[in-house]
Every structure is written in structure tokens, then in C-alpha cells.
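In the form predicted on its own, a lone chain appears below as C-alpha cells.
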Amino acid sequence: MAEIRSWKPIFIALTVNKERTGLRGNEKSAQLKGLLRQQVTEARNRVLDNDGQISADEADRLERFARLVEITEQVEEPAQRPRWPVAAVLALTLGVVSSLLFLRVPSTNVVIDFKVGALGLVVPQSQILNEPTSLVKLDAEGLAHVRIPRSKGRSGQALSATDEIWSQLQLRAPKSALGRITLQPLAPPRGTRIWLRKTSLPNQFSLSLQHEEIKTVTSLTVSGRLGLRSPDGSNFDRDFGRGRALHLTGSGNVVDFLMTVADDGRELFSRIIPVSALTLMRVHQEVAGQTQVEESTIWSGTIYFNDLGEMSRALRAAESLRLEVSEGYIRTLTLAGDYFVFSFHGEVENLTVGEGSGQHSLMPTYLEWMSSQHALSLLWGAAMYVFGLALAVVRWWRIRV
């Protein structure tokens, strides 16, 4: 009991001193620990000097002092720590996770397989659009010059839009004759807007070329007996023998062609066509209300997201799809039945589906992109972050681990 009375007045004195000086509990503990550490160091040095000998009184004194430090830490109230850092860390974590969940990448690489009734595109360079193709019928509108080659019994003619209104021309191969029309490769200038539309007739489609100045000459190879029809309704046949070249020149901004191919058109278009824009919406003009109504030309399709591994998204019939092409090209564009079939490969900066309030983006979120591109790194990073956050909270609440 005497030993207990020996250190009890010291503890009471420390408590009174705390009230007088206003020191916080953790500061008192730090002072006691420092004093205990100093005395233990001095005792250790004396033990080393005395060949490992220490007096019983000194050992008891150090043990009582260590016990005093322990009791002090147990009875003192811990200092109140501000709670706002925890709230700030939580808010920051929620902000980062929300950004990864809702913010979308600026561009993504896709492959889209399409079946469409019509499509519009813009070529970034002068590009051969089609392969030599056999035609049954060709209607041309918006012409500046028509140069008809000589035929049997007739000399060649060079006509312009002012001569007999030759801005339009219809050329056909009668079934009873052995005439043949071959469309030579078209190479529209850079920046030309091209619109392709399938008509209701078999093997027939329209081709529209729009540019500030279309001066490209369209060449046809004609042979045998063919029928020509001028805009004034005049019909006449000509026999071009084994083959002649017929040249058509555009008059300005727009040249329209209506073509009927001799077969299914599998080899009609070039296998690779670079594009800088792709349109799959057709605009209808409402006569009564004078309003424009957009209509999707999609029959079906599938979007494959190359940046997301195996992720894909099917397109329904007439579903509105809009995309901004950063860089891309069209492959295997063919005419098949009532629609065009092709595949688009490229980088898009915007990809949306739907109309009005139902319109939403298909661009991947940053979390989807990171989980696909850096799945293992994302897993380890998330695990380390959660572990560190949990450990910081535990230490903050003074829980020993």
C-alpha cells in the first residue's frame, strides 16, 4: 500500500497541473512518454557501465513510472479531432466515382454493320467510288454538257444545257436489242457529299453528288443499239456498234443519277471508301405544315465497340442513329435486294440513338473504357484505394490495428 501511496500524489498533481496550464491530454501523454524515455535511456547506460547490474529500487521506480504513463493514457480523454476531413475525403471519392460512371470518352473506335435503305457520306479526298458496272438504264439530271459519240449513220454531237434543254438525259438498253451501257469509275472531288438511295424497283438506286463545283466528267461506254430520251420527250435509238465513249459533265452544285444495274450489283462499289461524315437520316418536307421530318434509313445493324472488347449493341429497324466521324472508311458496300449492305470502320466522336427526350449517347463511359483497357490496373488501384481509405478512417477514430 505504501508503494501505491508513493505515486498517487504524483498523478493527482499532474491532473491539477493540467487544469492550471490548460494542456490537452495528448500533450501530457507526450511529456510523460518523453520523460520515461529519458529515464530508461539513463538507466540503460548505467546498466552497461555496471556490467548488467541494476538496483531493485531503480527497476521498481521505472516499472511504476511506466505503469503511470499507461494509466494516464487510459483515463485521459482523447483530443477532439475535426470531422470535416472525413467528409471531404468521402465527397472527393464520390465525385471521382461519379465522373467515371457518367462522363464519356471523347472518341471511340467502332465497327458497324449496316443494312440501310439510303445513306449519305462525305469523301475527304478524291476517291474512286465504283467499279465498272453494267447498266440497263441511266437517268442523269443537272448536266452542263453531253457529248454523244458517233453512231451508225450519225455523227457525234456535243450538246450543252442551253441546247434543247439538255440538262437531263435518259439512256436505256431495250430488252429486244443487244445494247450495253457500262458506267466507268466515278472520282468525285474532295469534300463531295454523296447520297445513295434504294428505290422500290429491283436493282435500281439513285446517286446524288453535291459539291460547290462539280466539273468531273462521267464516262459511259455504250455499245449496240440504245435508246435516248431528251427532256422535251423526244425518243430516238442509236446504234453505237462495238463500243463508244459517252461523256457527261456536271453543271454546278448537284448532279443526280438514277441507275438500274444489269445484275445484283455485288461488284458495283469500291471495296474501301474513305469517309469524313456518314448520315443515316433522311429528311422529308411536310407540305402542309412546312416542317421537316427526319426518318431513319436503317433496316438493321450491329455496333461493335473495339475499345470495349466483346461489347456490341444491336440496332432496330428505323432506329435513329447519329454519329460524328473523326476518321473512317466504308467497306464492302453492295446493293442487295431492297437495301444497301456495308460495314463502317472508324473513329467516332459522337454516337447517339433515339429522338427528342429519348435520345441518349452510346459513347463508352470512362469506367467502361478503363475496365476494358486496364482491367488489372483498375482492380489493384481500387483495392489499394479502398484499403488505404479504410485504414485512414480506423486510425482517425483511434482504433488500434
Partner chain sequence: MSLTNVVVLVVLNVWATLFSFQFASAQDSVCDPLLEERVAGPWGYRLRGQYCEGLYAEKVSSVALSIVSFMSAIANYDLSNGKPLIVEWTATGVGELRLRAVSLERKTYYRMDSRVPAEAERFLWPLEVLAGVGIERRSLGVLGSIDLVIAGEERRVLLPLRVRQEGIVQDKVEAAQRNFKMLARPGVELNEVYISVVAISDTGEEENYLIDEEPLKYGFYPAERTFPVLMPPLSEPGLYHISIAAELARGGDTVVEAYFYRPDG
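Being a predicted model, the structure only gives us computed values, none of them experimental. Numbering follows the first chain given and starts at 1.
What follows is about the form predicted together with the partner chain, which we do not show.
Heavy atom distance at most 4.5 Å to the partner chain in the predicted complex, all of I128, E131 and G243: All of them do, each having a heavy atom within 4.5 Å of the partner.
Interface stretch in the predicted complex with the partner chain - options 193 to 201, 90 to 98, 270 to 278, 105 to 113, non-hydrogen atom within 4.5 Å: Among the listed stretches, the partner-contacting one is 270 to 278.
Answer option from R229, R150, R282, R313, heavy atom within 4.5 Å of the partner chain in the predicted complex: In short, R150.
Option touching the partner chain, based on a heavy atom within 4.5 Å in the predicted complex, out of Q184, S206, Q168, S300: Comparing distances to the partner chain in the predicted complex, the residue within 4.5 Å is Q184.
Partner proximity in the predicted complex: T221 to the partner chain, non-hydrogen atom cutoff 4.5 Å: Yes, T221 is a contact residue.
Touches the partner chain in the predicted complex: R322 (any heavy atom, 4.5 Å): Because no heavy atom of R322 falls inside 4.5 Å of the partner chain in the predicted complex, the answer is no.
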